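A single chain, nothing else alongside it, follows as structure tokens in the form predicted on its own.
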Amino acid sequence: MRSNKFFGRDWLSPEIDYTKEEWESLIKLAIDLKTKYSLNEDTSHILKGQTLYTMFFNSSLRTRSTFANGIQQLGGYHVDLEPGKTYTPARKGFEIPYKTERISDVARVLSRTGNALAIRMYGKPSQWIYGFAHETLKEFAKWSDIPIINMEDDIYHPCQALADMMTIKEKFGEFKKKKFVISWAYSGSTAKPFAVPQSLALAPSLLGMDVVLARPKGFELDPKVTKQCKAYAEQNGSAFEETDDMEAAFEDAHVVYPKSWGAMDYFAKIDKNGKKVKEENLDGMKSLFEKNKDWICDEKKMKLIDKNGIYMHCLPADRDMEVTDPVIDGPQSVVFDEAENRLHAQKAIMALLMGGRL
């Protein structure tokens, strides 16, 4: 299927770069692949003999296991390139002799020997500079002849978003007239990127859901993201709003997604030449977190949502901080359905971008 319109494209910021119809096509394929898996139908012809490289700068359970398993189910091979055990790819100006290798060289080498490269990077590996990791992925894409897949960076987590939208499609059958709440929640750790909340504000907005962003003051998302969410709402005849009232946001919601993320004002900054002009202030961020411990998803708040509503989280969840045990282990929780759907959503991404035989 190498003539398909997805073949050879990157999966960097598809919440912006892919259309609503393309997202719907990916969701449909993911559900179809899941059905085939449940029926033990062989899908090993789809990417037979193709190689997926992965590069994790951060720890991973669901993403690592599902990409490795997914490419094998499609008949391909997985090679994990661990930064530090290989030469660590670096952008110009951030190189260390005999420890790093220029991204332009790495990307061209891997393009000669593999069929796609998937990368995860955020937080400390990107020096807590907001946007640094995403620019790193874009640098790979600039030099690569094979698709670059974003497994989570400091701005977007599109693989998680696709699996979540697939889960909602399975549960409700449609997106229109469904209220989706992406909410900040307290955590004892400040090492939380913006990727999940930003992708989970954009993707449901793109697909026509009524989206509410709930967060305490100081935890606003990137203004460019919220501006795009409003534009999607206008296009779809739906709604996008922000609030600093978690309980009000939960009222009559069909989906609630309480998740911790950082505070933008405390991240590091660089100038136009790439020089660091402001250090990260994780202690200051921690103080802001501690002022908002009441932002937790508990049974009381869950009683506010629609009677058929669901609780979602990308995992790992910080139990008794972001969410209580009775909620995450309760009947309205679909977190393990989401985790399962990572496998099939990512198979759909690989199958289309790598020109699979469908």
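Quick caveat, the model's predicted, so the values are computed rather than measured. The first residue of the shown sequence is 1; numbering continues from there.
The same protein also has a form predicted in complex with phosphoric acid mono(formamide)ester, omitted here; what follows describes it.
Remark: all three candidate residues (S59, R62 and C314) come within 4.5 Å of phosphoric acid mono(formamide)ester in the model of the complex, counting heavy atoms only. Among K179, R215, K192, R120, the residue placing a heavy atom within 4.5 Å of phosphoric acid mono(formamide)ester in the model of the complex is R120. Between the options N115, S126, T167, Q160, the residue in contact with phosphoric acid mono(formamide)ester in the model of the complex by a heavy atom within 4.5 angstroms is Q160.
Residues of just one listed stretch (314-322, 42-50, 293-301, 27-35) have heavy atoms within 4.5 Å of phosphoric acid mono(formamide)ester in the model of the complex: 314-322.
Taking the partner from elsewhere, R342 is found to have a heavy atom lying within 4.5 Å of phosphoric acid mono(formamide)ester in the model of the complex. Proximity of D210 to phosphoric acid mono(formamide)ester in the model of the complex falls outside the 4.5 Å heavy atom cutoff. Although the partner is absent from this view, E152 contacts phosphoric acid mono(formamide)ester in the model of the complex, with a non-hydrogen atom inside 4.5 angstroms.
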